[in-house]
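One chain comes next, on its own, written as structure tokens: the form predicted on its own.
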């Protein structure tokens, strides 16, 4: 190769851009389901002092201290051994969901611990039960307080979703591999792909900033 030649990459740019939607879908699904699981984990450690609290903390410790890729591999290979056949796409989503839940539980737990005691007293005065207190007071407060951390983790998941290409999923990185293998312009396609990831991250930063300002005006 005598020099950089981006023409073969740009001729397949639409195909490459199609992978952006898959990337966002993987990260989005894993984040939403991971957040739902994280809420349960955070409530367990917030409400309980015994076995359930230790199990919740142990879950987060185990998954935050092992590679996410190995967790996806475990889902990808172990589920079929258990008789559960899932697609590579779903395997990646499940693996990333389990990993995200561990991190998001820590984030939400920190936010819930910051809820002022007076909020609990007001909820009690208004006659709210525990479920209502969590849904209307504690979780909304924790979400607003920890929104930057939650948004930052979603952006990390966008970049981490590139691991899906290892399992044959045609996300942004997977399609980049396809283009590189057919055009033999691996460096060029990876430079373009890196730029697309950067643009996606910048766009998400703008969206999250706008959303945060909107929330602040509503409070």
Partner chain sequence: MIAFSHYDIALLFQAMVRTVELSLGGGVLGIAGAIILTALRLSDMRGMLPLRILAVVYVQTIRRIPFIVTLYIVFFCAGMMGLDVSATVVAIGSIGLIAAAYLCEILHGGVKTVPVEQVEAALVLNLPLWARWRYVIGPQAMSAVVPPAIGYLVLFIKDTALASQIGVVELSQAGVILSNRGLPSAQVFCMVLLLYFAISYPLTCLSRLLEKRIAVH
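Note that the coordinates shown come from a computational prediction; the quantities given were computed from them, not determined experimentally. Positions refer to the first chain, counted from 1.
Only in words, not in the display: the form predicted in complex with the partner chain, which the text now covers.
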is_contact(residue 67, the partner chain) in the model of the complex, heavy atom dist at most 4.5 Å: yes
4.5 angstroms heavy atom contact with the partner chain in the model of the complex for residue 81: yes
4.5 angstroms heavy atom contact with the partner chain in the model of the complex for residue 73: yes
In the model of the complex, residue 187 touching the partner chain (heavy atom, 4.5 Å): yes
Selected contact from 37, 162, 44, 151, since only one has a non-hydrogen atom within 4.5 angstroms of the partner chain in the model of the complex: 162
Triple contact flag 103, 173 and 191 to the partner chain in the model of the complex, non-hydrogen atom at 4.5 angstroms: yes
Neighbours of the partner chain in the model of the complex among 189 to 211 [non-hydrogen atom within 4.5 angstroms]: 190, 191, 193, 194, 197, 198, 201, 202, 205
